[in-house]
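Below you'll find only one chain, the form predicted on its own, shown as structure tokens.
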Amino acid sequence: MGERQGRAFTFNGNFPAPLIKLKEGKEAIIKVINETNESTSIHWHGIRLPNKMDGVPGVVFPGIPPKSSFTYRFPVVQSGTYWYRSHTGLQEQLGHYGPLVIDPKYPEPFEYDRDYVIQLSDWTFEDPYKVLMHLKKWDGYYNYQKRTIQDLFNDIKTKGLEYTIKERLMWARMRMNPRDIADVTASTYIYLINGMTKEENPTFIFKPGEKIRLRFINSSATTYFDIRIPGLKMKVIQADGQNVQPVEVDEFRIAVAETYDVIVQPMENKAYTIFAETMDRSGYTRGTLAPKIGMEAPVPPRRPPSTRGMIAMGMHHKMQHHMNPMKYLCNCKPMQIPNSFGPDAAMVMKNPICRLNDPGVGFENVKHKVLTYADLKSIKPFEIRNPERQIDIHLTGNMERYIWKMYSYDGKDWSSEFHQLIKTKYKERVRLVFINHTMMDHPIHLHGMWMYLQNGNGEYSPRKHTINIKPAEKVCVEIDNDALGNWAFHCHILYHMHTGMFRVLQVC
């Protein structure tokens, strides 16, 4: 990795795994031969397929034992940008992932001249289980950006003494740090594009005037990236492999496990930096768009560490006059919020808010256009009808103990354990209301089916396989339960999933 050696979990000796290209309307037959001494698996992220081909050990099959093989066979019923990865233990952190591109059966509603995959990821030379052990012992183990006495003086100067004291007391009562943005940071991570470091600077060639399609895939174990290409506008054309009405932005955040396709059109005979800065601002990686190999563009200066404010913790009622009225664009309402989740939750958000038009922490003062979920409009309309019922999904956590949970509530029963299935009926439309009671973002991924994000765009609600839920936020989606079987349903931050934020949704 760069100039250092590490131990990776590879496919055919490649890191990351090789690009797999499929064709919509055909059948995929992929034989996996496990030549290692440990069990493994492959999950096809975002792909609609027969339940037994989903590749999740303990949910649909026992995994692929050492020195054995498994053949995946499924019809290809969609197109777009996806990826594949291990769903076994923490193998994903060791490089067990690769890009997957499915060519459409019919022409796409946009044109381009070149097409590149940009797979983002994080890498540590530590054993992933040692990383988890550190997080269990001290949640701030990798956080080197905590506030200092100088930050206190700056806050008093800009916010006033009374507000600063009130804010500090709030954080102290919750035993939390407003700069706990990422569990694992650049103190141990290096960040990669297509397996290469920022020093290796992967370069993507173009001719001036060409339209370049960039397929961004975030295959990180825990890292969110903010993507910019200084000097170029980016036209977002796909989200999670699905076509959306084009929206032009200067920057977008890509949560763990999401994909975004953009088109850029550089007109000048010069290089441009593809800059991927981590959400907590502790690190970055970069690549280059250039007319020829060897050209480089300036690397943007790093921005100050991100800090969560009071809005991020549900203190919105005191600041409503500052907020955009679009905050009301989601009309879902939780059925019930308990006073406590016990030791599994450090806090309870009694008044979660909808912030789909908020790009998230770190973007409070930027002047340029940043993509939000409110901008996403599907090209293909969505059938509007009333859901048969609602299920609330409460995301809870205790940072000090590093425990993460997904509580479900169907109007009658509460449950939170992996073996307690979230039961639904085939073809039933269900509204899921997510409530995030933690101070961390959680990218929630549902296998096998689409989640239609209720973002105020009516029949043009976008469909996604992964929805990011910000702290203190509520988000509603609808699912049609059109795929039979047991489907994994979890946070895609690897260490959150591994420590409890993992459920199974059953369609029968």
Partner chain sequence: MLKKIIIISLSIIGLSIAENNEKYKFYPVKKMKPLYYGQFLFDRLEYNDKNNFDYEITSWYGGDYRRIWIELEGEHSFKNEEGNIERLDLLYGKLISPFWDIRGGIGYTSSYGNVSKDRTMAVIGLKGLAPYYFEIDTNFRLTSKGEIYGDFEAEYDLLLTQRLILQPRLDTKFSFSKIEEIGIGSGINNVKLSFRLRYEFKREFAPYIGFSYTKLLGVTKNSAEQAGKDTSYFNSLIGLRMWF
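Residue numbers count along the first chain shown, from 1. These figures come from a predicted structure and were not determined experimentally.
This next part talks about the form predicted in complex with the partner chain, which is not shown.
Residue 456 falls outside the set of residues with a heavy atom inside 4.5 Å of the partner chain in the predicted bound form.
Looking at residue 72, you'd find every heavy atom of it more than 4.5 angstroms from the partner chain in the predicted bound form. For residue 497, a non-hydrogen atom is located within 4.5 Å of the partner chain in the predicted bound form, even though that partner is not displayed. Taking the partner from elsewhere, residue 148 is found to have a heavy atom lying within 4.5 Å of the partner chain in the predicted bound form.
At a distance of at most 4.5 angstroms from the partner chain in the predicted bound form, all three residues 58, 141 and 398 contribute at least one non-hydrogen atom.
Of the candidates 77, 172, 161, 335, 172 is the one whose heavy atoms come within 4.5 Å of the partner chain in the predicted bound form; the others do not. This chain lacks the partner; the member of 176, 249, 361, 353 within 4.5 angstroms of the partner chain in the predicted bound form by a non-hydrogen atom is 176.
In plain terms, the part of the chain that comes close to the partner chain in the predicted bound form, with a heavy atom within 4.5 Å, is 133-141 out of 208-216, 254-262, 108-116, 133-141. Residues are counted as partner-facing when one of their heavy atoms sits within 4.5 Å of the partner chain in the predicted bound form; in 415-441 these are 418, 419, 421, in sequence order.
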